[in-house]
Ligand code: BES
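Only one chain is given next, in structure tokens, and it is the form predicted alone.
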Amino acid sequence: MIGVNDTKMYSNLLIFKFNNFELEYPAELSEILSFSENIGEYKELEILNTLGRSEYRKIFVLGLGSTEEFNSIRLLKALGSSIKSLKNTIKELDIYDNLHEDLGYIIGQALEMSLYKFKGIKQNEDKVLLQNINIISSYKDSINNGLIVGNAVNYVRQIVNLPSNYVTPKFMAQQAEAIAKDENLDIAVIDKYKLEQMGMNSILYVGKGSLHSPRLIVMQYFGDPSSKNITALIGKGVTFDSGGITLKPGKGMERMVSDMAGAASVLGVMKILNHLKPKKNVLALIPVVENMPSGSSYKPGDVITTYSGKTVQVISTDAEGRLILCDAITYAKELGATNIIDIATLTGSCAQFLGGINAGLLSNSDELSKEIINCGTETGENFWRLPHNSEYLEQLKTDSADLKNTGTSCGAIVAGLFLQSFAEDVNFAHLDIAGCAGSSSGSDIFESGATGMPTRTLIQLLMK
């Protein structure tokens, strides 16, 4: 339990310290802090045993570096790393917020995200020892908003970390329905039969080889009914990607359970819009499929008539994400979207050349690109804009159809331009999070596993 109060509650205390500026502390702590050897270096964490000289048994002194370098992201990482290191050593903690500005939104996020632990599917559950945190602060509202955002990120991480025999297209639809009911959102789940009637053949073809029927989830939030502007968030929801007939190598294929991270991030955003109440109209479209090889699978060489009417020749059944997204993009335009952002673990090439440090961003709009990059900077999530020269589309020419579904080089760029060709003149941004959706080593805040990226950036964008 995390709460905000104006008084002591627990037996341990965490305080902040700069290396070039003296913060004010309660008078009763002055004697204890005189023994501190922490000089305030960034992320420096010192443990002081009070030996009965204070109501607190232990005081943790966390260095924040210099005030000149200090910002919200450095606070996020410093506090997150300290809680991550303490969460299995103590049961309870007070945090004394004596910073000279309202940074409660960041404090709340840091606490929620650093406390998360994927417990797996185990008979004996591994629990985090640190169960009770009290923040002594006057910024209750902003802390609570930060906790809400952090909780949404953890929701995304939990879904992405689960195995694909749990997370099926039906499961994703059920999650969306539960969110819509709890948050009073409009929702429609378009099943296989309705998809057939509508002609959403790209989604249908990718799901043909699986026993789990594909679906298209459509959710709506109206924060500004007087405005005609609608932001569409489209999340790739491939609940398991074997590659289909173009089968992936067996080594590492178990990681393909996370190929729905884009879809999960969109669900995470929709989960909290009615709590934060941004004055934006948001449309969420989440195509969910399982890409499997079987006698009924789509095949290399097949030509698909997409929902837009454009035809696509399948070169690789492992380039499936762009196929399910292109139908959703066309439908978003039909529903009146004025800005379209797709989020997808789309290409290995993006993960290879940007790693887990930057997500790829391809866009036909300088303004939308700048907004996303700036919001990412504010949240500590990095985006690198990719070139979008039309010459790259030469790779997608074929005699058999309007487009091929994959080229021969520059995979991340070509895939993004494939999707942009369906957005046409609507403001469009494609976020390739293939390298950033998960981490094998963890970070200051996160343990290894799903990161929840870019949920916080999307929320920041909508709150502007």
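This one's a predicted model, so the numbers in the text were calculated from it and none came from an experiment. The first residue of the sequence shown is number 1, and the count goes up from there.
Below: the form predicted in complex with this ligand, not depicted.
Of the candidate stretches 114 to 122, 81 to 89, 373 to 381, 344 to 352, only 344 to 352 contains residues with a heavy atom within 4.5 Å of this ligand in the predicted complex. Checking 256, 133, 162, 218 for any heavy atom within 4.5 Å of this ligand in the predicted complex turns up a single hit: 256. The contact residue chosen from 421, 427, 38, 406 relative to this ligand in the predicted complex is 406, the criterion being a non-hydrogen atom within 4.5 angstroms. In the predicted complex, this ligand sits within 4.5 Å of a heavy atom belonging to residue 318. In the predicted complex, this ligand stays beyond 4.5 Å of every heavy atom belonging to residue 290. With a 4.5 Å cutoff on heavy atoms, residue 241 counts as touching this ligand in the predicted complex. Contact annotation: residue 417 falls outside 4.5 Å of this ligand in the predicted complex, judged by heavy atom distances.
Along 229 to 250, a non-hydrogen atom within 4.5 Å of this ligand in the predicted complex is carried by 236, 241, 248, in order along the sequence.
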